[in-house]
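Okay, here we've got a single chain as structure tokens, the form predicted on its own, with questions on binding and movement later.
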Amino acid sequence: MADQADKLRKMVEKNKKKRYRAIAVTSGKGGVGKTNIVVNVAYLLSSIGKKVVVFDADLGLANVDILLGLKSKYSLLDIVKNGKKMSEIMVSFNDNFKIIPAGSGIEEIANINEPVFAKIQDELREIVKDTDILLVDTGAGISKKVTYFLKSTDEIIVVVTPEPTSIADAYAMIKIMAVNYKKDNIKIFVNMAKNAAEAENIYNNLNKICKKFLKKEFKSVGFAINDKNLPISVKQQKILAQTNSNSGFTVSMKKLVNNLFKENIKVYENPIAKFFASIFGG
């Protein structure tokens, strides 16, 4: 009887639907560092054993695979037009970190419509059965090809920088998702700040506007200051969290992971380096 009960329990556990987290990283305007945030977070999660899939949803201008120095033979176009499966077009960064490339400069994908999006969604449902976390790197702005994906995720992280246009566009993005699509699980991440004080000020001001006009408040999931190592890693097509575990940006990404996923990745901050980083943005 004990053996039968044990077998039954294992069967139930095996057939139980696995729950994953689908998180979109987006912004009101381009150039705010979304993709760098996504790939560094994905790498850190993969390094602690999480199964992560990054979906490059910046349709028509996708570049996650290029940023990582990976060559992708296929793209989303092959799913839509050539009958490929999502599993066939994915490329691996490591055993736990996989990327779904969207393809760059492909008009058919850039001009996505409802039927195409539905087909992509169906394929994604199959992929995430073996996934802990799906990170969706969207395009910037409030076009349909962005909102398609934002509507379908559990959580949204809006990335904002100190530029006034970025702040205005971030509010526009938050407003549309909160009002038009009734999304409440929206979080804010401040990137490219000069120091912690500036990041806090940007978050507080943006949240104050949301509270005044939307009657809602949104949580901060952290910030990152300018890091001179980041553009170097981009040129080298390397992930900064992998090549420099104590870089300022890497530390910010570790804190983001710990904050967002309740993990406990150790963070070592050199107080002298932190001091000079706050002054020079290094």
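One rule holds for the numbers: they count along the sequence shown, beginning at 1. Worth saying up front: this structure is predicted, and the values here are computed from it rather than measured.
The same protein also has a form predicted in complex with a small molecule, omitted here; what follows describes it.
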Legend entry - 4.5 angstroms heavy atom contact with the small molecule in the predicted bound form for residue 55: no
Inset, instruction - Answer yes if any heavy atom of residue 254 is within 4.5 Å of a heavy atom of the small molecule in the predicted bound form; otherwise answer no. - result: no
Legend entry - Contact of residue 59 with the small molecule in the predicted bound form (heavy atom, 4.5 Å): no
Inset, instruction - Determine whether any heavy atom of residue 242 comes within 4.5 Å of a heavy atom of the small molecule in the predicted bound form, and answer yes or no. - result: no
Inset, instruction - Would you mind picking the one in 192, 120, 128, 206 that has a heavy atom within 4.5 Å of the small molecule in the predicted bound form? - result: 192
Inset, instruction - Using heavy atoms and a 4.5 Å cut-off, decide whether 162, 186 and 218 all contact the small molecule in the predicted bound form. - result: no
